[in-house]
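Consider the single chain below, provided in structure tokens and representing the form predicted alone.
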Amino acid sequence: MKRTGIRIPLVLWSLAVLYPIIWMFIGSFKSNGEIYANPWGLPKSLNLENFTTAWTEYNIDTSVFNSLIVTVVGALLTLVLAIPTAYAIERLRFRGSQLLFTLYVSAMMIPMVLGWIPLFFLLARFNMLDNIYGLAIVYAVSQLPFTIFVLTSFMSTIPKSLEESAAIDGLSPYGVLLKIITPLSMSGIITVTIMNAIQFWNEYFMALIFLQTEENYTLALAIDFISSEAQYTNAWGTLFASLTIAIVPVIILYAIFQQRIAKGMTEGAIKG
């Protein structure tokens, strides 16, 4: 009886979340006439014209490529900066390491919106406005506190005897980091990489502020442009198709790695 009481709200919540996604997916295969005539019904046929229009006329192909670059570069740069930083804070224990860790954790509490204006002028100073690689750098820096926080939890669980044995065998601190610590922290690394990648793929506001020309638009900005156009051109099927293109990769990625994400976050929380 208790389980039933718990499951009913979960089922209702699932329906509330899934229904708009399913409706959007169905609408992406409808013509405008079908959408207006029967917005809740199934399409008469699997019409791919909306996807073709979104991909060619609205340059969704370019936006997908830009989002892919920003996501991959941002996620990799985050790891390159976070892994050695987390290792230094957790293992080297230099003077001020605990203070540095506290600063990183505190940065997680600061709303990112407070940094948008300074970042705008900073990017303008370095001629990196309207540059997808500049945006990728901003993304990477914005996720450093969270990534370092998670990775230090994983690295704290690795026995120090392994590092001592490696040092006796002649490994330098860099060798210990690359050959011992990084492989043993792979669960945490994969977890934060997937979460960061989803965050970068979906991000809208910083892309809106720092990107100014249509050829550099990420997928979120391109969809916003199509949404504005749809109000005047009635291109609702094209809008639904664009949303489907944006959402499906995220759903697939999360469906594949959901157990690893949950396991990784749980291990970091318990063992750290």
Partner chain sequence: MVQSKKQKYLFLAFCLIPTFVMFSIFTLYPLFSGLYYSFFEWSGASQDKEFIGFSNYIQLINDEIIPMTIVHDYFLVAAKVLGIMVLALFFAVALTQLKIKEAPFYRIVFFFPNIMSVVVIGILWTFIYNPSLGLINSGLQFIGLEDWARPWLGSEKWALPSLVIPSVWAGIGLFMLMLMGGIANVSKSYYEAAEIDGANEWQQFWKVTLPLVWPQIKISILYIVITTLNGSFIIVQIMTGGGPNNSTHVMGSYLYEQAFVQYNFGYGAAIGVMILILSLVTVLILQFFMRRERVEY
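Residue numbers count along the first chain shown, from 1. Please read these numbers as outputs of a predicted model, since none were measured by experiment.
What comes next is about the form predicted in complex with the partner chain, which is not displayed.
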* Within 4.5 Å of the partner chain in the model of the complex: all of 45, 132 and 183, by heavy atom? -> no
* Contact between residue 40 and the partner chain in the model of the complex at 4.5 Å, heavy atoms? -> yes
* Touches the partner chain in the model of the complex: residue 26 (any heavy atom, 4.5 Å) -> no
* To do: Mark residue 87 yes when one of its heavy atoms lies within 4.5 Å of a heavy atom of the partner chain in the model of the complex, and no otherwise.
  => yes
* Heavy atoms within 4.5 Å of the partner chain in the model of the complex: does residue 125 have any? -> yes
* Asked: Just one of 184-192, 68-76, 150-158, 164-172 has heavy atoms within 4.5 Å of the partner chain in the model of the complex; which?
  -> 164-172
* **Stretch 16-51: residues contacting the partner chain in the model of the complex, 4.5 Å heavy atom cut-off** => 16, 17, 18, 19, 20, 21, 23, 24, 35, 36, 39, 40
